[in-house]
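Shown next as structure tokens: one chain only, the form predicted alone.
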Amino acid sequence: MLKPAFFYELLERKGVEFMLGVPDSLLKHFGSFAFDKGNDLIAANEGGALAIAAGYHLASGKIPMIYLQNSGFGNIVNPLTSLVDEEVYSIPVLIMVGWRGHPDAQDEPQHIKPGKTQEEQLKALQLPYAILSGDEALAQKQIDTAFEVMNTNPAPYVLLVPPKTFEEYSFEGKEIASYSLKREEALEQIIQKLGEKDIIVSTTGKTSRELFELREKYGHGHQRDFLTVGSMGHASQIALGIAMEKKGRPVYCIDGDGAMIMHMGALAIIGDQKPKNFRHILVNNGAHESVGGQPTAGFNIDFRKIAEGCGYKKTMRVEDPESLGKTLDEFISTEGPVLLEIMTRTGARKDLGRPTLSPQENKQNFMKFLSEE
């Protein structure tokens, strides 16, 4: 396995001074090390990371590096083919991709197809690539080759990173503002307030995992919830599609700060459509917690003003368990679209499990629930 410090220094010797991306669980040890070394730009989404890297190269003439999970690879296809490609602006960028759903490793359902097709995608896009070795000598040769290729033919070069390539690194990070409320405590209060016919769409990561286990705890069943296990940033648009069709039933989207930032344009569409039954809950812990804990820009953004500017009728914000209950009552009775931002601290139970239902089972149960008037 590679030590993050070794790989970082290897890139430095090649003149890489600018690293950014979207955190990934397979790359979290390297990403955390890079963050602690001062390369602390976490992009809104993968396509944005590539565009920032392109701008950096235009200004400096140097080769930058971006990192991402392959589940977000689709977000960079547009700038890959229409911006940095050798037939357009011919911009060299080293792209490190965490290979979730690797054919030789067991993974979650949402990662199977991206993992199975990852090499074919790279070949279809005619991108030169290598599968990063965990051996230091081989990894150094691969980096030498990558930079030879990019210096000869200015264009992107991809490093696919299989599971367990990097050794562990304990993230030091910057201090993130601490709130007393835990995400799971907030979710527990929410589900106890909602009615039996109310609809929930929850974002990817630990939010959906905690929601699933809370339903188990209270014996509610899981038919009321659509757990968006993948498609980060799209939960609110799924909820919007449901709300527009099921106008007579309240629809709640439980979102995360990293997910909302990733596709913030969704707020504009929700505000423009003005669904009266749409209620948006943002659980903001200021971090990409599921993939390493690197901070988002969530604590530096006024999400309420953004939502109001997009046409939300009302916005609210809570920071402690005591005020959440009272605010939830007001939130539930307010005509949508309405936003409730809940400030929480990072952290989850060590024994937090994963949904025991498959995505297909979740979909079937959820659709049956939606069909019941």
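A quick note: this is a predicted structure, and the numbers were derived from the prediction, not measured. Heads up: residue numbers just count along the shown sequence, starting at 1.
Same protein, other form: the form predicted in complex with a small molecule, not shown, and the subject of what follows.
Q: Go through 125, 291, 191, 160 and name the one with a heavy atom inside 4.5 Å of the small molecule in the predicted complex.
A: Residue within 4.5 Å of the partner: 291.
Q: Could you tell me which stretch in 28 to 36, 65 to 73, 335 to 343, 322 to 330 has residues with non-hydrogen atoms within 4.5 Å of the small molecule in the predicted complex?
A: Stretch with heavy atoms near the partner: 65 to 73.
Q: Heavy atoms within 4.5 Å of the small molecule in the predicted complex: does residue 156 have any?
A: Judged by the heavy-atom cut-off of 4.5 Å, residue 156 is well away from the small molecule in the predicted complex.
Q: Heavy atom to heavy atom, is residue 279 within 4.5 Å of the small molecule in the predicted complex?
A: The answer is no: residue 279 has no heavy atom within 4.5 Å of the small molecule.
Q: Given that the small molecule is not shown alongside this chain, does residue 98 nevertheless sit within 4.5 Å of it in the predicted complex, heavy atom to heavy atom?
A: Although the small molecule is absent here, residue 98 would stay clear of it in the predicted complex, with no heavy atoms inside 4.5 Å.
Q: Considering non-hydrogen atoms and a 4.5 Å limit, does the small molecule approach residue 287 in the predicted complex?
A: Yes, residue 287 sits close enough to the small molecule in the predicted complex that at least one of its heavy atoms falls within 4.5 Å.
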